[in-house]
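In the form predicted alone, a lone chain appears below as structure tokens.
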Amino acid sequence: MERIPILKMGPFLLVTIQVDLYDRLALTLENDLINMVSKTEAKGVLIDISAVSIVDSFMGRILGNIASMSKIMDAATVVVGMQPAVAITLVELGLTLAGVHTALDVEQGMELLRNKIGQLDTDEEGLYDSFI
């Protein structure tokens, strides 16, 4: 069975969707991701959809479900890399994706997650200051 990899990066989980999702794969991702949030006690989930060219109402609902379930488990969700055509389609379908935060790219998405959980920036100066 095909699966989408889920990577742990500190307190966050990173999912990069490289293929168009069919219904079964989307449901598997939803289940795997929520289980990983529970298992790792992640504080944030970043979903990169920059390679996704088409999103239908089912996939839109899956993204919303992931955000809702993650929030219940104390994790914020950020979707990054949304193509303009995907954004237009979601609006035309009337899917607001409540609870889903968005950013243009992975870097901005990670910064948004850090801000959401109140994590301090770990630049070199800050690391040294915390040990003095």
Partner chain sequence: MIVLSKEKLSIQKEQDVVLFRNRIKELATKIGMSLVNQTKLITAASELVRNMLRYGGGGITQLEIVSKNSIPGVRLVFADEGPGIKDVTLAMKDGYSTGKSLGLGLPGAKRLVNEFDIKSEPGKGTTVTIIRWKNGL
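Residue numbers count along the first chain shown, from 1. If you're wondering where the values come from, they're calculated on a predicted model, not measured in any experiment.
One more form of this protein should be noted, the form predicted in complex with the partner chain, which is absent from this view; the next part is about it.
L21 belongs to the set of residues with a heavy atom inside 4.5 Å of the partner chain in the predicted bound form. In the predicted bound form, M73 stays away from the partner chain, with no heavy atom inside 4.5 Å. Taking the partner from elsewhere, L95 is found to have a heavy atom lying within 4.5 Å of the partner chain in the predicted bound form.
Contact annotation: E41 falls outside 4.5 Å of the partner chain in the predicted bound form, judged by heavy atom distances. Highlighted residues D56, A85 and I88: every one comes within 4.5 Å of the partner chain in the predicted bound form, counting any heavy atom.
In the predicted bound form, the partner chain lies beyond 4.5 angstroms of every heavy atom of every residue of 27 to 41.
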